[in-house]
Every structure is written in structure tokens, then in C-alpha cells.
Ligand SMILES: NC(=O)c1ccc[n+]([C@@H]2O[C@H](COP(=O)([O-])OP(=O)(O)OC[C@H]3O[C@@H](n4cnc5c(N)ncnc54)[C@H](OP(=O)(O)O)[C@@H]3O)[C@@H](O)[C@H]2O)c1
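Just the one chain here, the form predicted on its own, laid out as C-alpha cells.
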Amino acid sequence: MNICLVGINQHTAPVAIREKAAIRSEDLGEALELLRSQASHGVILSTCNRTEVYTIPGDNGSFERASFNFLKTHLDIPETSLLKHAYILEGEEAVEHLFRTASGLDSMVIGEYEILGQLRQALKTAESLGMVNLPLRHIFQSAIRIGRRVRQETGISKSPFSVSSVAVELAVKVLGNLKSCRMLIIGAGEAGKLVAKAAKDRGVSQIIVASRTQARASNLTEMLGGIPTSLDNLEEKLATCNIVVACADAPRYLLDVSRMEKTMSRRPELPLVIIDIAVPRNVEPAVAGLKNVFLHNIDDLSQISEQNRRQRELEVRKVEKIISAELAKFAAWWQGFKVRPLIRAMMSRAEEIRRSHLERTVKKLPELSDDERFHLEMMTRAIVTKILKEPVQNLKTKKSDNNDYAAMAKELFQLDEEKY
């Protein structure tokens, strides 16, 4: 399988590295154009916990170099540093990883739903820029279909968690009962919506949602309750809240040391718990050094996430069985796809021979009726199809790393694939 994956995720790199590689949705098109200079076909999947580049090698046969060069350029870090954190998967291993990712097995929170929407958007954006060929499209569409299937046929997403809901669970572990707490959510996107819902379910007394535009915050609070505000009013809201969950898609820190020093001077004895689940991070790490500030980032959710993983081990095994069966189906499709030019050449060559000999034979026969000509045509076609049926089936199904079957067929039939 000529597919290569180069990426980093929560298993291989800390958030300080992942945030450098993260690509905001509005910048994805520009990133794909940069990738195009390295590979003609590719898809970039960038979420809070991973940045992965899937490519189909070009004419030069380079597997990992195109994706690796893109990540190195995008991250602007030395190759030796990238090698410490990146994983490079090729062929079936890359496909299996994508299938596991779509099924929620590679997520920080096992079984989370958000990845399916992120996969669809990654494919859609790459398609809009002409970066997706048939194999890449089939791989991603298969992954999305498998992701839906495992959630329908297993309990992997029963009582679904998400990074956002785990963030609220972390707040519970730190503070205990949240019913007397005021929570400020920074960010009104999908992550903010999930935080707000989880906080409401946990009985948080008051929820404030801050966004770049108050209209977005208002839309969310109208659905789930709470108080909308804009980012311009952060200092006022920070002065009285107990918990901050930051999950905004922002290119720079929204809460830096200077802003938080001013905030804490207004509330010196009131502790503030900040949970930053944004990648890139919304909160400057040095904020953790301020008195009475307790800062947690997305990597601090791992303990709760591991509990979720242990609870779902039985379902994980069910999902892995589905993935194994789907991988076998995909391998069969890939084998058939790989030899399609050869099969087309074989069938075309056989059809040329059939037609030539049929025409010469008909000229030697007494004049035939249309019905007789039709039956003669069908008979000769059936003979060709019958003779080639088993060779074609073997080409589609016989898996051989050195392409023995394909090479033998080309030699035996003296086929030129480019001619057809």
C-alpha cells in the first residue's frame, strides 16, 4: 500500500511540541498548499492531540520524506528534534492507525465522537484543493465508515466522554462539589459547547461564556443557559469566577502573566483553577507560578482518561476485531486497485485479438443474419472472459510483496500498461 503517515500526538509529544504543530482550521488551506510543494496528494489531520500528514508517494517513490519535510518546515525545528517525537508509518500500518483513530481508540478519551467530524473536514478541505486522489479518498471514507460502524455495533462511545467533559471532571477532582462555583468558559466553539453542557450536568451554579464576538457567546448560552460576554470583558469576569476552562481557537495567549497578575491582585485570597485544553494553549505556562492560581493543561487529563480506557477495555477488543476485518477488506480492494492498469491492458489486448479474428472469420462465412452475428459475438466474448477469469482473480487477490503475479502476467502476455 503506497501510503505514508508522519505525525505527532499525545503519546509521542508533550503539549509544548504539539501546539507548535497544530494547524488552525482557517490556516489548513495554506498548510495544504505548503504540503503540495512536497507531495501532489495529501491530507492533513490536525486536532488538539495530533497533527498527522497522510500522503501518497509521487513519481520519485518517496514515502516519508514529503510528509516529514512538511512537518519540519511547519514546525521550524531541527530534524533531530522532530525525530524524537514523530512517528512514521507506511502501508498497512498507516491505514490501521487511521482506522483506529477514526474508531476513537487513539484518542486521549477513548470513544470520543469529535474525531469523525474532524476527519470529514480534513478530507473535505484537501478535496477542495485537489489534493485527494482515488486511493486517498477511499482510505479516508473507509475510516469514517468504520468509525460510524464501531459506534453503532459496540459500546465504545456509550455515555460518551470528550476532552471537554474530562476537563470538567478534573475540576470536580480539584474542587469537589461544583454547585457553588462560577465557571468561565473561554471559547464558544464545539469544545466550549461540550464544556458548557458537562458543567451544566455537574450543577455549576453559574456559567459565563466568553468569545471573540459576544454574538457567538450568546448563541451558546441561549441553548444551554449562562451569561455571554466578549473577550474584552475577561478581566471583569476573571475577578469573581472559581474555574476557568480555556478552549478557544486563538493564535496567541489569551491569559498571559501580566493579565493574570492584575486579575489576582483584585482577588488575592480567592483561589482560581484554570484548565487549559486548547492547542495551541490559551494560557501562558508561567501563569502557574502565580499565588493561588492552579493551572492544568490538556496533558494533565491523562489520569482521568486512563480510567476511562480501563472501563472500556472489553469494548476496545470488540472494536479491534472490527478493524482487523475491515483491514482485510481494504487490503483486497488495494490489491485490486493496484493491478487495475494491468488487468485493463490484459482485457484490452484479449479484446483486440478476439475482434480481429472474429472479423476475419465472418468474412469467410456466408452472409449472417443480425441474430447469428449477435450470438457469434456473445460466444467469442464469453470464451475470452472465461479464459481470463482465473488469471484476473489471482491478480486481484494474490498478495505478493515483490509483485510476482503482476510481473509474470506482463511478461506472459507481453503487455504495455501505458498503451491501454
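Bear in mind that the values here come from a model prediction, so they are computed numbers and not experimental data. Quick note: we count residues from 1 along the sequence shown, nothing fancier.
Unshown form predicted together with this ligand; subsequent notes refer to it.
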Within 4.5 Å, heavy atoms only, which of 191, 123, 323, 260 is in contact with this ligand in the model of the complex? 191
Which residue among 130, 289, 251, 176 has a heavy atom within 4.5 angstroms of this ligand in the model of the complex? 251
For the chain seen here without its partner, which of 206-214, 261-269, 147-155, 310-318 has a heavy atom within 4.5 Å of this ligand in the model of the complex? 206-214
Please check if residue 44 has a heavy atom lying within 4.5 Å of any heavy atom of this ligand in the model of the complex. no
Residue-level contact is defined here as any heavy atom of the residue lying within 4.5 Å of this ligand in the model of the complex; does residue 231 satisfy this criterion? yes
Residue-level contact is defined here as any heavy atom of the residue lying within 4.5 Å of this ligand in the model of the complex; does residue 163 satisfy this criterion? yes
Evaluate residue 90 for contact with this ligand in the model of the complex, applying a 4.5 angstroms cut-off between non-hydrogen atoms, and reply yes or no. no
If we check this ligand in the model of the complex, which of the residues in 29-48 reach within 4.5 angstroms of it by a non-hydrogen atom? 48
